[in-house]
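There is one chain below, alone, in structure tokens, taken in the form predicted on its own.
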Amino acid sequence: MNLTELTSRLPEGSVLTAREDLLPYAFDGTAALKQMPAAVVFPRNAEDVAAVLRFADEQNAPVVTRGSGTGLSGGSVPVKNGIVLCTLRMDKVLEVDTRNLAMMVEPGVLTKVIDEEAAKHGLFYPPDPSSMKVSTIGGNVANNSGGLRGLKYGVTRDYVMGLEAVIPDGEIVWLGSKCVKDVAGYNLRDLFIGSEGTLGVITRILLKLVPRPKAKRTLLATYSDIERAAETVSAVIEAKIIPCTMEFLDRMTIRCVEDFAHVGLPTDCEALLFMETDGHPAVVEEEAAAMAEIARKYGAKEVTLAADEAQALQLATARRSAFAALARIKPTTILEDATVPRSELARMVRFCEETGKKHGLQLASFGHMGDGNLHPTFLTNEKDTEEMHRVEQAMSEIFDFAISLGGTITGEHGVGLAKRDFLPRQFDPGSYALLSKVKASLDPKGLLNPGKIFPVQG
């Protein structure tokens, strides 16, 4: 690959090639995966991205798109001797359209910044992955990220009205519009959402905003066993209450979070539910009281209502710190996201616990109990080959069990490199082949994020 030629096609300072400069881009947030690229490119706009992809097409050079590198499936781990296309310099909020409740942004804008900009206009961008302070919207769209508010508000896909992308031959395309209703042609916009950088590079995103909730109440319920917590979730939904957040932490996660955040979480329980309701003040008060009553009815040891917004924020911040808190225990933290129907969550949590014990592993569980998205988290050491083999066996069993319950191998992290080999277990042969045909149609040379989702062909 002619890196001098690549550098000549872009503005000065856009390309890194020195080994010491490339090291921070050799990995993402996924444990035990690392690969050195040949170059890292920082485009400023869609035209720069198009120039890189045309160069890659000429040189048959692989390209991996990257934002902040917070992904947990190996989706932005470089390909050996390939190009990393980092969108962090494309970080502008281009428009806030209050008449159409929409916002146009570049892919490098941080997720939290989007909601902060919306809040200035009394509006709300609901998707809130735990990494929202550092993850970029481009990565969120590429992986169809979820978050704590997914139960009530949905995931990233539900807020993308349109997007601009550069496809592998360097052509720039726009998909979608500001129209609430738009069924002209195939829905190619949704094809790119969750495509993990394998079909094109997203360069602009049109997001839907909603009115900001006027009130919010936060509750904490503790339980002596996981089943009672799961029963509470089902009962709350059955009562036709849809909380904006309904999070679960097991005993190990509670203790690690409390040691890390010091917010006064009770450490003498087996499970904890963190619940939030938002909306009109009168409805919020009514729903909070109803959820507290349901939690007590289904065996909660204690139910606490946050006294004010500061305490509610403190509790929410503690929940978002679960991954960081667990990561302090062992050198390597492997966080997965098997997802099952809500009705099967208690069985899934128990299976994870038993599987960890069966293989002699430290395993903690937490996640979005309201939407069945569980995060079994292995605390291990990637340098211990024998233990890592046991982790792989346990993960395989957990994914198989999730699929058997009508679940999925990933609810929000994506397939990437880490779960690529598990994907055929979830799809029948015809469906899996159809996925491959879409990839081959849009990227016939297989240059965009090769090896992610599918094995490299040929």
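The first residue of the shown sequence is 1; numbering continues from there. The structure displayed is predicted, hence computed values, not measured ones.
Not pictured, yet referred to below: the form predicted together with a small molecule.
Among heavy atoms of A271, none comes within 4.5 Å of the small molecule in the predicted bound form. Among heavy atoms of T87, some come within 4.5 Å of the small molecule in the predicted bound form.
Though the partner is left out of this view, G67 does reach within 4.5 Å of the small molecule in the predicted bound form, counting heavy atoms only.
Taking the partner from elsewhere, V105 is found to have every heavy atom lying beyond 4.5 Å of the small molecule in the predicted bound form. Only one listed stretch (112-120, 272-280, 91-99, 140-148) carries heavy atoms within 4.5 Å of the small molecule in the predicted bound form, and that stretch is 140-148. Though the small molecule is absent from this view, in the predicted bound form it lies within 4.5 Å of a heavy atom of just one residue from V257, V201, L345, L209, which is V201. Put simply, of T333, T253, S130, T222 only one has a heavy atom within 4.5 Å of the small molecule in the predicted bound form, and it is S130.
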